[in-house]
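Below, in structure tokens: the form predicted alone, a single chain.
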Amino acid sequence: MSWAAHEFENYFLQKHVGLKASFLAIALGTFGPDLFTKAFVYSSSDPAHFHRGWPGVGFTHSFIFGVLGAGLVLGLTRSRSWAMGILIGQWAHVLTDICDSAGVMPFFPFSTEPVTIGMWKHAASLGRYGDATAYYSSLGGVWDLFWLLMLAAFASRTLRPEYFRNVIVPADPRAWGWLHRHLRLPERGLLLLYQGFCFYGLGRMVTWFLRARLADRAPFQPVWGGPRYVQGNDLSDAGPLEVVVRTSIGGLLFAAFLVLCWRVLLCRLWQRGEDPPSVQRGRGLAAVFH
């Protein structure tokens, strides 16, 4: 799992998709796999298996979960930008969570084999605070820092007012218009809300890292598979070759299923869908809401 990288990823992804996807939908997509399940993980008798395995809620960390979510949103709202955002955000979350020792089932239900690179340990069995301490005592904290630096180096312009005005709002005028009217927020208030995702991630990263160092006094061990003082949660008993074979078969079946879904249903929903209206650049919120 990632404690802050998902927040930083949102801006990096938005920079590359521009007007094609809603930022709010990308954010919801990245939060989606943990949004309704994380509260129950720490009270489970086997947190890692419940969170990422099957039986459990591991299906939320699969590619098909993003496809279903995007298809549902497209069918209900006809918004292509929201469907794209949900799919992109959820898939980004899945790929990020491959890094910890529990891994994910990317091609569920066609394969329930967890895929992981074991970069750091999934430590939900230690409870919320122990999990955070273990994460920020390992390469997990370095991973968050890496995405913060990626944002600063390659996507910092996405935090600027003009980018918000010319790209973020036009890509999703209905949602930002609703927030503008119902929360009575001026453009500056909406901009702060948009930028707040970044500062929320930064605050989480700094606070949890300091807690791990100063309050829990846990050793900082940024080594592959660390931290050493935590017992890892590996959900698979298969060897490397078995993992490759099972995952490959699952991937092929998932690809075939995706093609079938596109031809039978998703293509029709996409054709019925609508792109956000074209908005003249540089005119701010007034061009969208009035």
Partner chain sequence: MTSGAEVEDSREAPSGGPSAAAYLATLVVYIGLGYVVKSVVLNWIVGPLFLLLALYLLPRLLGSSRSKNPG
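Quick caveat: nothing in here was measured; it's all calculated off a predicted structure. Positions refer to the first chain, counted from 1.
Unshown form predicted in complex with its partner chain; subsequent notes refer to it.
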Legend entry - Options 250-258, 223-231, 33-41, 52-60; stretch whose heavy atom lies within 4.5 Å of its partner chain in the predicted bound form: 33-41
Legend entry - Residue among S125, Q195, T96, T77 with a heavy atom within 4.5 Å of its partner chain in the predicted bound form: Q195
Inset, instruction - Answer with yes or no whether R181 is in contact with its partner chain in the predicted bound form, where contact means some heavy atom within 4.5 Å. - result: yes
Inset, instruction - Look up in the predicted bound form whether R157 has a non-hydrogen atom within 4.5 angstroms of its partner chain, and give yes or no. - result: no
Inset, instruction - Tell me, yes or no, whether G71 is in contact with its partner chain in the predicted bound form, where a contact means a heavy atom of each within 4.5 Å. - result: no
Legend entry - Proximity of G118 to its partner chain in the predicted bound form, heavy atoms at 4.5 Å: no
Inset, instruction - Let me know which residues along 164-202 have a heavy atom within 4.5 Å of its partner chain in the predicted bound form, or say none if there are none. - result: R165, V169, P173, R174, W176, G177, H180, R181, R184, L185, P186, E187, R188, G189, L190, L192, L193, Q195, G196, F197, F199, Y200, L202
